[in-house]
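Next up: just one chain, as structure tokens, the form predicted on its own.
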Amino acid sequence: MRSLPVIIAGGGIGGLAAALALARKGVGSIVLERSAELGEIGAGIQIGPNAFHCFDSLGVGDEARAKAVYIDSLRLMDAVNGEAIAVIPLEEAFRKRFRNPYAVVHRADLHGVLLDACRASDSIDLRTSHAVTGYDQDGSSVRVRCEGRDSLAGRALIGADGLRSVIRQQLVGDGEPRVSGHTTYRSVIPTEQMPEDLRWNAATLWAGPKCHIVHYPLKGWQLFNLVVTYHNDVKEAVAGKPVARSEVERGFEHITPRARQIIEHGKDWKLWVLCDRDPILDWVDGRVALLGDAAHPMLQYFAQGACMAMEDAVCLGHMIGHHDDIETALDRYMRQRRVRTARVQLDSRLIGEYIYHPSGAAAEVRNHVMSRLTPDEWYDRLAWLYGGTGLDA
């Protein structure tokens, strides 16, 4: 059955990265995307050195670097008093330590880099308007069912179909994702509309009681990405809903005007309610495996969702390329990835509670501890995350 392709459900960043990783090992794949077009929804994302390690492994390092904006620092601000808590420099010493930069990029640009590389590969078959509904397997192959279409036979099936993965529901059956109660609002504005004294070449976080604001430049400094979040205990998941600015402002009346003015400059705000899932130990069923948000969806607070999906892809390609038995390869992929991804899932929750959103004494502890760390101490704390490609424990 080695002649059969690996079928990948989902044409997002994780699915395309998986197809590229397999192609580099001489393994053909079919990518099935439910939408009529391949593309990404959203604006900016942060990409750490571990993502750049993956770009290089996937053969798109130069193309990804050409799309990125290289920021000078990660800047943590107190949204109540307006004072700086910590600045983590990302320049020469950081790059030397982690062998790659930290950058920000428009999500569509990153997806486009991966998509162009997939289209250029003879080993990758991209198919749109293919909504996967489930799978069957007989020990020698897997058949993938698609809505309104004939089923497809594959050597394996990779569920890279996101937070509400159809493949996960058949494999794990854990229902709807966990609603965090945190609501995020996103906007992108021209750089000239960003307050001049806040046009920092940094990924900036203003952390306040039950709320935060993030901003950074995009697209060669043509735009600024604005992401504001507050913990308003909503119970229902919502994605991409347009909202008035007045709704956004309601969660930030208690913070310093200097930070609050960022919201006033935003336009065309859209709302997302943040969701994740508890980590699980098993996301493989014979010839079927999960990847990215389908396997380990996480809150945004570690800025690692896309990075973890690309690490998954690199690891998956490595294991399939090095093991003749596909079930062995998928099992070893999962065992290599599950502790690391679970750690990021759980740490993302903790970061949201104790760094992004604390108040009172907890905020004072945050400020006291984080303001005293040297750059080298920050780098030591981040080394476990930024040092590898998905093949590292």
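All of these numbers come straight from a predicted model, not from anything done at the bench. For every residue, the number given is its place in the sequence shown, counted from 1.
Omitted here: the form predicted in complex with a small molecule. The next part is about that form.
For the candidate spot formed by His130, Arg186 and Gln304, every residue has a non-hydrogen atom within 4.5 angstroms of the small molecule in the predicted bound form. Interface membership of Ala313, defined by any non-hydrogen atom within 4.5 Å of the small molecule in the predicted bound form, is ruled out.
Though the partner is left out of this view, Leu223 does not reach within 4.5 Å of the small molecule in the predicted bound form, counting heavy atoms only. In the predicted bound form, at least one heavy atom of Ile13 sits within 4.5 Å of the small molecule.
The closest heavy atom approach of Gln46 to the small molecule in the predicted bound form falls within 4.5 Å.
Residue in contact with the small molecule in the predicted bound form (any heavy atom within 4.5 Å), chosen from Arg155, Lys219, Arg107, His231: Arg107. Out of the listed residues His357, Arg332, Arg34, Arg340, Arg34 is the one that sits within 4.5 Å of the small molecule in the predicted bound form by at least one heavy atom. Figure note: of the listed segments 168-176, 287-295, 80-88, 252-260, the one touching the small molecule in the predicted bound form, with heavy atoms no more than 4.5 Å away, is 287-295.
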